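Shown below, as structure tokens, is a lone chain in the form predicted alone; questions about how it binds or moves come after it.
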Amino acid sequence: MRKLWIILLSITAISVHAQKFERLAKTPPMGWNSWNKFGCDINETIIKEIADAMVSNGMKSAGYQYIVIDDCWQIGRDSLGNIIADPERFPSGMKKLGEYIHSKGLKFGIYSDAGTETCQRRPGSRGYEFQDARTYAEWGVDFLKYDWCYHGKQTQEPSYITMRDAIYKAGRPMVYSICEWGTGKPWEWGKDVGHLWRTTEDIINCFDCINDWGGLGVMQIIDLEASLGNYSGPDHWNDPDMLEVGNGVLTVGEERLHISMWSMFSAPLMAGNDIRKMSTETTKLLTNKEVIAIDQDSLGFSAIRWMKYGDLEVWFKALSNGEYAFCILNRGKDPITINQDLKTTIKRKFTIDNNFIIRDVWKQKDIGTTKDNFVQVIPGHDAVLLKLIKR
């Protein structure tokens, strides 16, 4: 009998750690990540100033929470195998930096890799998963982005499960971001492993292009995301990668389309620009609370492409409380006039009749009702984002 109890206790102990922390991402995470703008050129001063800016520029009040330090913060391991932050760039250490971020009412995120090395050839977590998770817990980490470089012959699902279990055993709740670029179809297995998973290769600062090394522009990612909506929902999100808004390449219209579609997809909104010095226009794009509300809607519905007329596309999203959103985008260069009856039944479940107010959420203005067709000129490489509100 005593041996049986030992076996049962052992099984219980294993099962306790074989899960993720639940309900940490009931809506898609919002924050900032260092990679798109700074790459490896990060340091303690930049991160503190970014945290300060997130509070002062209205991003925090708009819902942004996470300050995520991407690759290149780590420099080696000590004699006991503990991960070491670069002492020249982070002289106060990661625990102190995390405390500073927390003092601003924000959350602290960090980066590692499932392989032996990170993508920038810094120490990865393979073979050190439980040790690293304990270290991150001691530092007060709230979010882990876990990459997929230099992984050798290991496969995705068990590799990410190992770190999931390590985080849970370490005892500190962390949002767990699976970043294996969609190569192992994480949408099929990620729900019980992480809180979000990358669905595509890295985004690049381009509207409609593909890099030789595999990076994708905004439109390429939108096209790939179109078929994955059924896998996404509260606490388990498709992640089409970070935002390129404010990085000086996309036009204002392209940036508006970019944010509109990420919000329609219920995607994580992770700013990737230098938020310490944004233009007024960029600040407005990132902090429009009506747009953010569509992204953060509690239903967690991911948009479907409802209509396509050449370069003109109409995307549909169901919202909570029986309301809806439409994004009408023009992927071409020339203006297009749309004349669309929005009254319809979609997927035999969502019915739109005459009794909705049409609101342009970028303009924050009611512009008509569903009794009449929606008519508007959509400029090239731009979008209009509509919310249908019950009358």
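Numbers for residues come from their place in the sequence shown, where the first is 1. Please read all numbers here as calculations on a predicted model, not as lab measurements.
As for the form predicted in complex with a small molecule, it is not shown, yet the points below apply to it.
| query | Among 111 to 119, 90 to 98, 248 to 256, 312 to 320, which stretch has residues with heavy atoms no more than 4.5 Å from the small molecule in the predicted bound form? | reply | Stretch 111 to 119 is the one.
**Prompt:** Which residue among 244, 129, 147, 297 has a heavy atom within 4.5 angstroms of the small molecule in the predicted bound form?
**Reply:** In short, 147.
Report the residue, out of 181, 231, 139, 189, that has at least one non-hydrogen atom within 4.5 angstroms of the small molecule in the predicted bound form.
Checking each option against the small molecule in the predicted bound form, the one that comes within 4.5 Å is 181.
- the small molecule contact at residue 225 in the predicted bound form, heavy atom, 4.5 Å: Because no heavy atom of residue 225 falls inside 4.5 Å of the small molecule in the predicted bound form, the answer is no.
Would residue 44 count as touching the small molecule in the predicted bound form under a 4.5 Å heavy atom rule? Answer no; every heavy atom of residue 44 is more than 4.5 Å from the small molecule in the predicted bound form.
4.5 Å heavy atom contact, residue 107 to the small molecule in the predicted bound form: It does not: once the small molecule is placed as it appears in the predicted bound form, residue 107 has no heavy atom within 4.5 Å of it.
Interface membership of residue 202, the small molecule in the predicted bound form, 4.5 Å heavy atom rule
Residue 202: yes, in contact with the small molecule in the predicted bound form.
Original post:
Quick one: in the predicted bound form, does every one of 35, 70 and 198 get a heavy atom within 4.5 Å of the small molecule?
Top reply: Contact check passed for all of 35, 70 and 198.
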